[in-house]
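Two forms of a single protein chain come next, each set out by itself as structure tokens; they are called structure 1 and structure 2.
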Structure 1
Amino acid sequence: MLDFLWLIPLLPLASAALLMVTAGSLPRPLIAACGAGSVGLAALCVLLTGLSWAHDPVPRQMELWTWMQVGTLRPTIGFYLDGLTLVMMSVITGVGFLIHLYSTEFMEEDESLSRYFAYMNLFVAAMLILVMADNLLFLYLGWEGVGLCSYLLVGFWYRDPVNGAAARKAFVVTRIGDTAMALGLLLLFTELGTLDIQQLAELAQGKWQPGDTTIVLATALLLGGAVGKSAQLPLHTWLPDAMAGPTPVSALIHAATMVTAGVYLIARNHELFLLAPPTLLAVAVLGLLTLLLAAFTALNQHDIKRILAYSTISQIGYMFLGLGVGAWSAGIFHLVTHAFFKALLFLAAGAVIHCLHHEHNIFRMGGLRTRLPVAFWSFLIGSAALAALPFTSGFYSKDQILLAAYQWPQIGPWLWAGGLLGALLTAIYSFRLVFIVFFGEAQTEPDRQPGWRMALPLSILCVASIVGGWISLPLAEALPATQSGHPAAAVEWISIAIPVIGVSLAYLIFLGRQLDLSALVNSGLGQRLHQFWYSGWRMDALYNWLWVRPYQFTARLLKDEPVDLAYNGVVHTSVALHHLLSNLQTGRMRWYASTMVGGLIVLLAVLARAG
């Protein structure tokens, strides 16, 4: 199976091509079967690959052909298979397949089913290329490919201009990060002369001491790309708006896979990042700031999908924190468990939205516990994992990250404390969601129940969200081990206690009403804080003021093309002169002869003077 590695991205790619070419002329069941089936087959291939790889778990490089050769630049179409790749592939195809299956029901009534599955399959193919690429340029191809698919899918319901604007925002903001990443690639290539990931790591270790300016700059640029794609500060503003797409898209792209590409990029190039401690510190600090900011924002949202979007940003912040403090495998571990429970949450939210006439506002839901039991249990398990309650998958991964942060020298305890605060907030906002949506008074009646194609992925993901923490990922070879050593027992107990406290607080505030915060919330300061956090720390307004407005102003200024005035002047003058001159062309031979004689006279006079 290892020789047929190329089959894995090819399957969804071929399906995407087929769906694009037929452009919806296939019968709808066939479209769904093609869209979901190709990813399912890819998942099967990944499973077989994993089984055969497990016999002989050494990294493998597989070069298909040379992509292009320009001087010493020789990127290949080649794959690299190690534990990290395998983990990512499993997540992408596994979770991806479940979401595709779910989509077949969710998008059943949509008129552009074929377009939807074409984009989704293309996305899966691009994401697989991203994680399987053996060189950074090929990786960049997948990177841009997922960006494109994200744009297409956010703006999937393009008839509403709001969705189009959200898609453009997602595209433009991530483009900023991508540009930084491209610069990083160029810098690495000019310095080391190759883009092969493994060679880069070797050469860099030979060439630079830790902390060398060049490597810090290069990794900082790569970090820029990761920050853009993974919606971290300061480029996180696109992700909440990206929820304009269909809910399964949010689940697959904007929660489970694509947004974790930045985490993957950093983990894949961890040798480079290890040479640049300042960048690693930046990774950790950025992650911490993002997770806190997003957690505060999530606490104040009304829209069920926006809450989940901010929680995604926050959880990716945890992954960054983990990577930054050297807990590489813990970061990837959290990526995996997060993919399970966030996909679960989004799909459950999708089921709620699907059954409630596309209602997004959580305050118009409520009491759905008995009416939508499947969604309720899924949501409950997903939220428990998100809040990192003990014995759920999220608990293990988040715990590892927090412990690693605690052990990190210098500012480690501060990072740990920040992470704990974030964990507390996570528990509160996730259970706020559960309590408001599924308990209390019924507001809106569901008009249908999710069918088996929705229920099955939800149940599988429920199981995965619980037992996901017990899987041992084959990352020992691929990533450096976390520093061992047990911290004080109190630290561990605090980590366990915090989510429980958070859930209790949420219960007291939102369900039991024992804790009445309405006075605090309704006070002037509380209102202002609520508004501030609701708007996402006014980041959008800031960017609007800082970048968009000046840009639009300049654009308006340049709309009439003031620079072109000079050129247009030249054009008009020459046109006028042309008309003047063309009057000379009468078509009369006698006139031509006379003018020639006139010219001759002048010429002779000049020659006579000169001679």
Structure 2
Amino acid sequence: MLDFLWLIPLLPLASAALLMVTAGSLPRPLIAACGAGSVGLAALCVLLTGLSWAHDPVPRQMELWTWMQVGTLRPTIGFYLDGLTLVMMSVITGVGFLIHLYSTEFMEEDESLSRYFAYMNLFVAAMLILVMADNLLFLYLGWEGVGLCSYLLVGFWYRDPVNGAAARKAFVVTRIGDTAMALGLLLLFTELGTLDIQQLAELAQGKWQPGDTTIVLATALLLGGAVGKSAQLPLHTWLPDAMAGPTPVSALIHAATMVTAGVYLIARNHELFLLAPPTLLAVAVLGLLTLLLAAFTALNQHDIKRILAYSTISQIGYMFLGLGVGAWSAGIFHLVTHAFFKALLFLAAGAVIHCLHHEHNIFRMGGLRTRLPVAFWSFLIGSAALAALPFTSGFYSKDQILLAAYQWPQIGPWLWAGGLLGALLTAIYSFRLVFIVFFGEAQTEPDRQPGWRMALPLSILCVASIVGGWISLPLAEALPATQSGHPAAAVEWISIAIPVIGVSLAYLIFLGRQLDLSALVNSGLGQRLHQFWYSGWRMDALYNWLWVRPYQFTARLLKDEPVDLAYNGVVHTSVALHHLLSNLQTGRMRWYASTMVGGLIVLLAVLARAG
């Protein structure tokens, strides 16, 4: 099966091509079967590949053909298989298939079903290329492919100008990071003469010492790409607006796969980042700042999908924190568990929206515990894993990151304390969502119940969100082990207790009402903080002031193309002279004769003066 590795990305790519060429002319059941079935077959191929690889877990490189050859640049169309690749492929195709199956019911009434599955399958193919590529240029092709598909899917309902604006924002903001990444690739190729990932690691270790300026600059540029794609500070503002797309899109692209591409990029090139301690420190600090900023913002949102969007930003921050402190396997472990419970939460939110007349405001819901039991249990289990309650998948992965952060030799205790604050806020806002939406008095009655194509993926993800923490990932050969001892028992107990305290506070505030914070919330300071956090710490307003408005002002100045004034002047002068000379064409012989005589006199006078 390892010889047919190329078949895994080819299946969804071929399906996307077929759906594009047929342009909706196929029967709708066949479109759904083609869209979901191709990803299901890819998932089966990944399973068979994993079983074959388990018998001989040695990294393998497969070169299909040479992509291009320009001087010493010779990138290939080739794949690299190791434990990290296998984990990422499993997440993309496994969770991706469940989301595609869910989509067959969620989107079955949409008039553009064929276009939807074509975009979704193209995204899966691009993401698979990204994680399977054996060189950074081929990886960059998949990287840009997922960016394109994100633009297409966020703006899927393009007739609404808001959706188009959100798609453009996602495309432009991520292009900033992509440009930085492209510069990093150019710098690495200039210095090392190759973009093959394995050769880069070997050559870099032989050429540079830890902390050398060139490798720090190169990894910082790669970090810029990771920050943009994974929605971390300061390029995180695109993700909340990207919720304009269909909910399964949010589950696949903006929770389980695309936003983890930056995490994968850093992990895949960990040998380079280990040579750049300042960059690793930046990874950890950016992750901590992002997870706190997003957690405070999520606590103040009203839109069910925007709460989950900011939660995603926060959880990716934990992954960055893990990678920054050297907990490589823990960061990838949290990537996997997060894919389970965040896809579950987004799909459960989609079920609520689907059955509740497309309502998004959580304060117009309520009492859905008995009215939508499948969505309720999905939300309860997903929120428990998100809050990292004991014995859920999120508990095991997040706990490893926090303990590794505590033992980091530089500013570890501060990172640990910040991570604990984020964990407390996560527990509060996740169960705030549960208590407001599913308990209390009903505000809106559902008009339908989820069918089996929505209920089955939710049920499977519920199981994965609980038992996913017991999975042993094959990362020992792909990533270095975390260099740390065993922390004090008090540190572990505090890490366990914080999520429980957060859930208890959420109960006392939002359900039991024993803890009344209305006076604080309604105070002047409380209102200002609410607006500040609700707006995402006014980051969009800051960027509008710094970049968007000056750009728009300049565009208005240049709207009529000032550079054309000179060319237009030549045209207007020619036209004016034409009209002047045309007025001389009167048709009168006396006028022509007198004009000729006058011209002759002037000519003779000039010649006489010159002589």
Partner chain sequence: MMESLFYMAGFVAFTATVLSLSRTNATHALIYLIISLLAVAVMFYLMGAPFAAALEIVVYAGAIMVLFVFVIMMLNLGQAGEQRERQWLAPRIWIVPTLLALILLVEMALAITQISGTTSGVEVTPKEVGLTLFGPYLLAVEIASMLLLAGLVGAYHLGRRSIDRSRQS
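The structure presented is a predicted model; accordingly, all values stated were derived computationally and were not measured. Residues are numbered by position in structure 1's sequence, first residue being 1. Note that the rigid core is defined as the largest set of C-alphas that superpose within 1.5 Å between two forms.
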Is the form predicted on its own shown as structure 1 or as structure 2? 2
Superposing on the rigid core, do we see a C-alpha displacement of 2 Å or more at T22 between structure 1 and structure 2? no
Fitting the rigid core first, would the Cα of Y567 be found 2 Å or more away between structure 1 and structure 2? yes
Once you lay the two forms on top of each other by their rigid core, how far has the C-alpha of G599 moved between structure 1 and structure 2, in Å? 17.6
